[in-house]
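Okay, here we've got a single chain as structure tokens, the form predicted alone, with questions on binding and movement later.
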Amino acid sequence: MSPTPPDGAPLPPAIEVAALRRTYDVKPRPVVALDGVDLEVAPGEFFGLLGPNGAGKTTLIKILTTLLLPSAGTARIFGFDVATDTRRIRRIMNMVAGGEQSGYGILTVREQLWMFSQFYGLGTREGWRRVDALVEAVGLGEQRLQRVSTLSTGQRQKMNMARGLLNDPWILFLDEPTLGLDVSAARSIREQVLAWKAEIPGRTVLLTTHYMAEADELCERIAIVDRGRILAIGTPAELKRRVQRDSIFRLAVDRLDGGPAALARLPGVVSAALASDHAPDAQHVAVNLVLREDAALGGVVTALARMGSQIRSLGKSEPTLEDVFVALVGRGLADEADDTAPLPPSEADDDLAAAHAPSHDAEAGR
């Protein structure tokens, strides 16, 4: 199923959220999980959502996947309203979460996936065709007749990924899909997602992850969320530029007469200091340079040549997404409790089935 309209008309935004608010009525006082969120994701975009535990990410995803109604504001998926067009949204989206234990361990991989194909409304013949194709695509051909209860964590998540693609969604929600996986299994999941997205223009992915390198690698744009509000949106490069006003270089020379102070006096140099990992008995002198702009580096190189110093290595230091995150949020990813309590396994299964049962209405998400 392609998200491209048959008449060639432009697609509406894959995700369009305006003034979205969600409050939980709990004691001693209500909890505001989302506080006026505005967000737009274009068709075909790989979008990331980063935030500490308790930021509101889980609540936002539950609303976008029709499992929860907003308290105020609007949210649309490809133009369909989450409150009134629930059945249509559930036909064109799917969700995969890290650590999922959904389904029945006594079933084989093939039987489990066929069961979900029936939840998604596929016919018997089409269901088996999709199951067998996806089992091979995710690399579970040898395990297709193996009971789910005997799968490793990585194999189970590959099966969950196959389940998430059964209904050929327009938009795929990934909630920490590589949580707890080893390096090889996590890479396999990322490659599968990228391959699926590249097959048809317009396929869209929204990813939440606590792995900053994963978000940096996959996402075209990222929103950083905290306390129910979006603090910043941009490409990874744009977000990094927000926290680095100066150019930072690591310089290693064979000798440096006068020490770092000789460089600190040069035009355009904000500061020069020995690198924290510099060893006094090293064969070179390692210096961290902070420059007002990259152009000032030319003056530094010229000055070193005049001093008779030879450059051994030179590299520019770039801020990471983690630097951006800490600068904006002021704390790490897991410093607070999550915005909603985790569902017990039985309720998680019910939510998963509800999200893809075409006959349910929006109130099923309450």
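Numbering starts at 1 and runs along the sequence shown. Just so it is clear, the structure is predicted and the values come from calculations on it, not from any experiment.
The form predicted in complex with a small molecule is left out here; the points below concern that form.
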{"property": "4.5 angstroms heavy atom contact with the small molecule in the predicted bound form for residue 43", "result": "no"}
{"property": "Any non-hydrogen atom of residue 59 within 4.5 angstroms of the small molecule in the predicted bound form", "result": "yes"}
{"property": "Heavy atom of residue 320 within 4.5 Å of the small molecule in the predicted bound form", "result": "no"}
{"property": "4.5 Å heavy atom contact, residue 31 and the small molecule in the predicted bound form", "result": "yes"}
{"property": "Contact residue in the predicted bound form, chosen from 238, 176, 132, 168 - any heavy atom within 4.5 Å of the small molecule", "result": "176"}
{"property": "Listed range touching the small molecule, judged in the predicted bound form by heavy atoms within 4.5 Å, from 35 to 43, 298 to 306, 49 to 57, 322 to 330", "result": "49 to 57"}
